[in-house]
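The data below hold one chain only, encoded as structure tokens and taken in the form predicted alone.
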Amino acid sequence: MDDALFLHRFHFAFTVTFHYVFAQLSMGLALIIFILKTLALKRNEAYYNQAARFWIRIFAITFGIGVVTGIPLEFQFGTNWAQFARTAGGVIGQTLAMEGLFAFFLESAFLGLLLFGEKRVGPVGHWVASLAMWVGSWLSGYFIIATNAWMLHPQGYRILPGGEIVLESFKALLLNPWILWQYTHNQLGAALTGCFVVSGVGAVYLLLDRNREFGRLFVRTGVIVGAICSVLLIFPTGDGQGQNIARYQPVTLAAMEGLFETVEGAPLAILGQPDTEKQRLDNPLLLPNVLSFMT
């Protein structure tokens, strides 16, 4: 592989991976905060509010780091993939701009209310702020997923004589059939990340015999919400996303499963080391016919 291309890929992969650790945690915590604020409003018990305040502060930190790491990520579309940005910027620029102008400002404005406005807006207003922050963070995820979905399954565009790609239909861009399963699967994964962190902190409190009331609340909330998300990640969202790949990108599916040749009754590889030069899977552990059955 060309050294410059490898460096561009490595640079972008490092930046997006580092950024997404904080982005997915923020989206997961936004849901947990909304649940805690809902319980506080419904049951009128102070410790739900105290728990929510604790996680709002953690959210503010992860949100801030996510912003700082996300800005260079968008710059890298121009620095690392300049030709792609020049060619497809008329499409992907729409959703990236909408994410910044709509979702980011919605999320950040109501985060400010959650941090500093509780006494001014009252319990109901503070609950509304938590709802708006959750919606804003997940709307941000939607616009980013819409960008990626178009790259995986492009539609609603036209290619000009000079080669530039321009958008013809906002509806096709924002309601791409690829989005439904990819977005729900991604957001459930983000929620599960938040649940692991919340229940993990609760477990530490219980092990250290400190703040046991909050420890039990964190573990209970994280485990219950996380269990629901885990099931939904497998079915229907994971299954639906797998069907998308099988239907629209069969070559990608074959690469994911280490299948180098089209065969009847393709096996599912549990383990193996791909040898791309000899086009085979070394030391494979295979389940006969299962991949064909699944697809």
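Just count from 1 along the sequence shown to find any residue number. Note that the coordinates shown come from a computational prediction; the quantities given were computed from them, not determined experimentally.
From this point on, the text means the form predicted in complex with a small molecule, which you will not see here.
- Think of it this way: in the model of the complex, the small molecule has a heavy atom of just one of L73, V219, I92, V128 within 4.5 Å, and the residue is L73.
- Checking G189, G156, G215, G141 against the small molecule in the model of the complex, a heavy atom within 4.5 Å turns up for just one residue: G141.
- With the partner omitted here, the stretch from 116 to 124, 168 to 176, 181 to 189, 195 to 203 that lies within 4.5 Å of the small molecule by heavy atoms in the model of the complex is 181 to 189.
- At the 4.5 Å threshold, heavy atoms of V16 reach the small molecule in the model of the complex.
- Taking the partner from elsewhere, I145 is found to have a heavy atom lying within 4.5 Å of the small molecule in the model of the complex.
- Contact check for N244: no non-hydrogen atom falls within 4.5 Å of the small molecule in the model of the complex.
- Contact annotation for N49: none of its heavy atoms lies within 4.5 Å of the small molecule in the model of the complex.
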